[in-house]
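Here's a solo chain for you in structure tokens, the form predicted on its own.
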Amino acid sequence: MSAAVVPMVRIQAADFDVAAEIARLTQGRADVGAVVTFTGLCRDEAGTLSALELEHYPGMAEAEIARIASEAIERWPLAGITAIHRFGRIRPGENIVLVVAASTHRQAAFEAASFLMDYLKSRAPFWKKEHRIDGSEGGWVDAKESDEIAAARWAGR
């Protein structure tokens, strides 16, 4: 099943429609038995964030995400995989990232979605700058050790 699968990767400023993205992977397909989605939202844990500003290198970000999505296709029997990551100024409660994995069986879809999301959190070439409600810049957000640990679990598998 995986040989003909091509990952769908988009980096965009505009919001995405989760239902439309699921339909793109499943419409007209009788072989898909499972679809796993992950939607990441901008959050404000401390009540001080007005927005996150996400930056990337156009072309490089798409190529890197496509590379890891292709690796997911090689590892699991997928019917399709989509990764959409937004850039620009994103406010708390707004969508940032979407991963959709479709397969005949749920386990492959769950694992592929988790694999791709772990990569996006730890190694995708995006930079986040905080903007605070009081008008100040909160600075650049560092990668979290917990994201690196989550991604490392796939190295030996």
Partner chain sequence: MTKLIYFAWVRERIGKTEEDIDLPAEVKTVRDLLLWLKSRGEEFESALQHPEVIRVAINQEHVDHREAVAGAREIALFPPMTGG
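Numbering follows the first chain given and starts at 1. Quick caveat: nothing in here was measured; it's all calculated off a predicted structure.
The same protein also has a form predicted in complex with the partner chain, omitted here; what follows describes it.
Taking a heavy atom within 4.5 Å as contact, would all three of I73, S103 and F110 count as contacting the partner chain in the predicted complex?
Judged in the predicted complex, none of I73, S103 and F110 sits within 4.5 Å of the partner chain.
With a cut-off of 4.5 Å between heavy atoms, is E130 one of the residues that contacts the partner chain in the predicted complex?
Flag for E130 set to no.
State yes or no: in the predicted complex, is some non-hydrogen atom of R123 no more than 4.5 angstroms from a non-hydrogen atom of the partner chain?
Taking the distances in the predicted complex, the answer for R123 is yes, it comes within 4.5 Å of the partner chain.
A23: heavy atom within 4.5 Å of the partner chain in the predicted complex?
A23: no, not in contact with the partner chain in the predicted complex.
Consider M60 of the chain shown here, and say whether it contacts the partner chain in the predicted complex, taking contact as heavy atoms within 4.5 Å.
It does: once the partner chain is placed as it appears in the predicted complex, M60 has a heavy atom within 4.5 Å of it.
Report the residue, out of V97, V36, V32, L49, that has at least one non-hydrogen atom within 4.5 angstroms of the partner chain in the predicted complex.
By the 4.5 Å heavy-atom cutoff, the listed residue in contact is V97.
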